[in-house]
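Just one chain is shown here, as structure tokens, and it is the form predicted on its own.
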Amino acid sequence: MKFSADNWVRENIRSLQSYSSARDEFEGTARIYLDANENPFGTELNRYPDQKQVEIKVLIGEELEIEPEQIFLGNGSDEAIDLLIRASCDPGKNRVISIAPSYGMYSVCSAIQGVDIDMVLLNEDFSLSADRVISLFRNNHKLLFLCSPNNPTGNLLDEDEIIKLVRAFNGVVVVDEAYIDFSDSQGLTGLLKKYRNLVLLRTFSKAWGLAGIRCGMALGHPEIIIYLSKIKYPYNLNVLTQRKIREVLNNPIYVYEMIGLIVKERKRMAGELQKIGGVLRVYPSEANFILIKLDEADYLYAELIKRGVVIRNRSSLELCSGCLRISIGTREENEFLLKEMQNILA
């Protein structure tokens, strides 16, 4: 059955007359702007930002080799997650599916909006079983959230398994590719034109080094992007954020250099962590972090905090008992961590 965004969205969203800001009613450049009740005096930030983010969507489209109409920009990827659920799921009626262990905001956003979520365990090696997920499909499922490379496990999900799910699912499959720039994969952007029910999440917070500006992307069919844009708050991407994005996209060489350094350091850290007594396993990673397993995870986590080093304890997650997640820092930061771990676990 051919996917239709009109059938996927909630009825009230389909018929919604979205808020029309002053700048939505005008296109182009004017000599004088007296339409938006702004302060007329030049404080540099006295004008509202570009509501449609036209310029930076063109730049992003060139970087990712997709069309600007396929891009939604929001306040971090979390806004896109929230809006995808809000656009498609009637509380108490529709449901969401996700994998475990994975990023916690899929569950949190679902819970906030009163939408039940069904969790499917990954295999013991953190690989994805499409057949296991498909066995849970019901007519009232509207969204399937995947994360690849997955957080906190660090592994890429098998592309063939993802495609199998996209083909079998009547709703929208959302693949969170927040960490894709650290992997050997180019991601799934090449599949967007082929599959209308595929949405990818990307972010400027990780590889691009801009977590502080809070900008994330949803990439998908223009029909889906139109509905997300319809229900977002006006002017939600501020002037400073848009300016910084333009800067990095016009000169991305430094970003590519940072990615190379992080990947190189990740590989070195994986080898060094395996040498530390008490570390039972270092999981393969294609992200900017490494997941390790050890007997004394809680003890090590607490002792590192006493020494001023904060990592992430993931022991409470399914399949992650005794696991800690370590973000890749600078060479100096990583060396300090390794030294403290050796002292604590000696």
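Each residue number is its position in the shown sequence, starting from 1. As the structure is a prediction and not an experimental result, all values here were calculated from the model.
In what follows, reference is made to the form predicted together with a small molecule, a form of this protein that is not presented.
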Note to self: Can you tell me if Tyr106 lies within 4.5 angstroms of the small molecule in the model of the complex, counting non-hydrogen atoms only?
What the structure shows: yes
Next item on the list: Please run the contact check for Lys206 against the small molecule in the model of the complex: heavy atoms, 4.5 angstroms, yes or no?
Entry: yes
Next item on the list: Give a yes/no on whether Asp181 approaches the small molecule to within 4.5 Å in the model of the complex, heavy atoms considered.
Entry: no
Checklist line | Exercise: Lys244 in contact with the small molecule in the model of the complex, heavy atom 4.5 Å | finding: no
Notebook entry, point to check: Among Gly171, Pro101, Gly216, Gly187, which has any heavy atom within 4.5 Å of the small molecule in the model of the complex?
Noted result: Gly216
Next item on the list: Please pick, from Leu83, Met269, Cys147, Leu165, the one residue with any non-hydrogen atom lying within 4.5 angstroms of the small molecule in the model of the complex.
Entry: Cys147
Notebook entry, point to check: Taking the partner as it appears in the model of the complex, which of 108-116, 251-259, 72-80, 127-135 has residues with heavy atoms within 4.5 Å of the small molecule?
Noted result: 72-80
